[in-house]
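In structure tokens, one chain follows: the form predicted on its own.
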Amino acid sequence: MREREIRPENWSIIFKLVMLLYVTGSVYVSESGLTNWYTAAILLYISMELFSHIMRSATLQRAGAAASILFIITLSYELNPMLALLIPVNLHRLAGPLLRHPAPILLLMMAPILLLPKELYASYGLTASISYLFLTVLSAYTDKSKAYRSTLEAMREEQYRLKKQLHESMEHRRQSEYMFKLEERNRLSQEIHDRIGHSMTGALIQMEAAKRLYATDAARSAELLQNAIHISKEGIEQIRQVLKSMKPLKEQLGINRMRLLADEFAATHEMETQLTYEGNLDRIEPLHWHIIQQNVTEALTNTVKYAEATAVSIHIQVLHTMIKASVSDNGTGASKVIKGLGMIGMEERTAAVGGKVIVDGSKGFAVTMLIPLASA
């Protein structure tokens, strides 16, 4: 179970309580001892402090600190001078927000020493110094804590905005893909209806006519049947053309998946991502595309984890006898490359098709895959 952290503003209350216990203990062991009036005054002082801390307004808090100072001064004259040791804490609380420079605050906290008996000079000076050091450090810590919380909240809002933007982008892409499928389905249906449907209908009509004329006019029936056969052949050819236009080329499947991978990586990590390619991509087999995509995904993951890069490039090149695929970034690089499970997996996948992986960390970090072509 996670422990609750003490908030910075509560440390000042704890410090005041410690000072109050110290003063009360000093009074208790003194000749005057604790009286009923002293006990009632201390309870009233604690009530004033609690009321002052409950107030949300900074003006009311400063007013409460000023009232506490006046009350302590009165008690130190009427009951016991030791109570003056509680003044520095309230002076810092009163003057801290108004005086930004540390020297005037320290002088103000030391000023009441001139009104005290000489035997309290050392105790008051030590108490004022300790109070100044503790409360100054606490004030700096509180300011940094507030700035940290503000930055953290801004980062959370930015993260929420980016997640929302990414979700909207992915939703827009899904809607676009769905609309594209509907449009493609409608186009295919219309093309089948306009071209193939009419051909098949014409062939069916001529075969029906040939059937009716078969007994009375065999020559005409044979002519109509031949026309139906010709129309059916044309219809079959049209079906082949439609199916051929629907089926994308192998390189389109592979490079489109790589383009989608690069776009998703750039949108998710806000890193400039570039995809380039050259050569006859149709020579890359589906198995090779699968290995390249897995290795590129692993290389991009390593870039995010270790490279501290702002840009990454993916380049696929089909040479005469092999495929060269590389992922390089502008990050810190590495003088000595330590192969983890991801890098070992890349080498094993590439070696399965007779290829190899080359890594270079001298200028940024680059991973190059060399895969021999099947026809080479």
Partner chain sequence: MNVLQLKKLTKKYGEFAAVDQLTLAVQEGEIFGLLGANGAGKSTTINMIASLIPITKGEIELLGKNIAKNGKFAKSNIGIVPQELAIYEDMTAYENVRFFAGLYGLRGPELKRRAEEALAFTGLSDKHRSYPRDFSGGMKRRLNIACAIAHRPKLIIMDEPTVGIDPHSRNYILNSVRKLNEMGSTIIYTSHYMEEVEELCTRIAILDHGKVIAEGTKAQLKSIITDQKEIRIDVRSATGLDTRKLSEIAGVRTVTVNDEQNSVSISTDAEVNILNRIIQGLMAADIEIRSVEESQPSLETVFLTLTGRSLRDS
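Numbering follows the first chain given and starts at 1. Everything quoted here is computed from the prediction, not taken from an experiment.
Keep in mind that the form predicted in complex with its partner chain is missing from the display, and what follows is about it.
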With heavy atoms only and a cut-off of 4.5 Å, decide whether Val357 touches its partner chain in the predicted bound form.
-> yes
Determine whether any heavy atom of Ser26 comes within 4.5 Å of a heavy atom of its partner chain in the predicted bound form, and answer yes or no.
-> no
Does its partner chain get within 4.5 angstroms of any non-hydrogen atom of Val337 in the predicted bound form?
-> yes
Although its partner chain is absent from this view, report whether Thr310 comes within 4.5 Å of it in the predicted bound form, heavy atoms only.
-> no
Sequence-ordered list of residues in 297-321 near its partner chain in the predicted bound form, where near means a heavy atom within 4.5 Å = Gln317, Leu319, His320, Thr321
